[in-house]
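Next up is one chain by itself, shown in C-alpha cells, the form predicted alone.
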C-alpha cells in the first residue's frame, strides 16, 4: 500500500477498538506531510496497522475510519460500499421512491450522504476526504443507477469546520429542481435545490406511516414544514391545523395539499411556542398533536436549554389534548437522548396533571442506519404517546 501514514496515540487506538469511526485531532501523534482529504493508513507508534481513514487538516475530527482492512481503499472498494448500501435499501424501503441511499457512518462511508428522490440523486460530501472523492462517487452512481440527475447540496454549515465552501449545483445529468414522489399513497413535491436538508425530511418517512395508525379527530401539526405529517394524516382526521413559521415552507405545503386533493387542512403561519400558549389560554382542544421541531441542541453546551424547550412544548401539547388523545413528539437533537426526552415528558405530564402511556418508541427510518458503536448515528427520537 502506498497510502500516506498517520500515527495515533493510545486514546485513538482505544476509540478504534471500541468500534467508533472518529479519531480526534488531540489523538493524532504525527501527520507530517499528509495532504488534506487524503486516504491514509492509521498506525500506532509501533507502526502497527489499525485501518484506513479519511484525513482532515482542519476539523477536530481528524480521521474518519473507512475500513480496518489492509486492501487499498480505491474506486472498486468505494463502489462495493455504495452497492452494498443500495442492496440493503432494496430490503427495507418497501417500495418507497424517496429514501437515503447512503447514510455516512451508518453505511461505513463517513461524511458521505446520498439521497434518492425517484430518478434524481442528491449528494453531500461533508469532509475534505469525501470532497476529494466526489467525482468518483458521481461516476459510480452513473454506472450503477443511470440517474436523470445528480445534484450536490453542500450548503451544510458543517463543511466550514473542514475549511470547505458551502455550495450547491448540478453534478451530472439534467438540471431538475423539483421532483414529485409518492409515499404511502401520498404525493410530495421535494425542492432539491432549496428544500431543507437535501430536499425533505426522509428520516421521518416510517414515523409518518406509524403515526397514521393512531391519528384521529382534530389534528394539530406543529413545525409542519412542507406538510409531511399533516398531509399523511389528514385523511384519517376530521380536520387538521398545521402551524409553521416559514412562509416559504407553507407555500410548498399548500402545493403538496393540492397535489393530493385534500381539503381539510388549515395552514397557519406562526411561532409554534406562541401558538401553543395561545391555544391553551383560548381553551382549544385537539385529539392528536404532532411536535416535530428542529434540533434544539446542536452542541452539547445547548443541552440544558434544549431540555427546557422540549418540556415547554410537550407540556403545552399535553394540556390541549383531549382524554384518549395521541401525542406524536420528536427530537432530532443528538445531545438529547431518548431517556432524556422520556424524563422531560414525564415531568411535563405531571405538571399538566395528565396520565400518559407510551404506545411506541421509534427512531429514524431504517434507511438511516444506527451504527451500534457510533452513538452519533442515533439522533432522531419519535414517541407516540396516549393521554388516558
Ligand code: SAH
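Positions refer to the first chain, counted from 1. The model shown is predicted, which means the values in this text are computed figures rather than measured ones.
Separately, the form predicted in complex with the ligand exists; it is not shown, and the next lines address it.
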Are all three of 55, 73 and 162 close to the ligand in the predicted complex, meaning a heavy atom of each within 4.5 Å? no
Classify residue 294 as contacting or not contacting the ligand in the predicted complex by the rule of any non-hydrogen atom within 4.5 angstroms, answering yes or no. yes
Contact with the ligand in the predicted complex for residue 299, defined as at least one heavy atom pair within 4.5 Å: yes or no? no
Can you tell me if residue 86 lies within 4.5 angstroms of the ligand in the predicted complex, counting non-hydrogen atoms only? no
Since only the chain is shown here, I'm wondering whether residue 196 would be in contact with the ligand in the predicted complex (any heavy atom pair within 4.5 Å). yes
Given a 4.5 Å cut-off on heavy atoms, tell me which of 136-144, 299-307, 201-209, 94-102 is the interface stretch with the ligand in the predicted complex. 201-209
Residue among 240, 289, 224, 112 with a heavy atom within 4.5 Å of the ligand in the predicted complex: 224
In the predicted complex, the one of 158, 78, 259, 245 near the ligand [non-hydrogen atom within 4.5 angstroms]: 245
Hey, which residues along 263-284 are within 4.5 angstroms of the ligand in the predicted complex, non-hydrogen atoms only? 270, 271, 272, 273
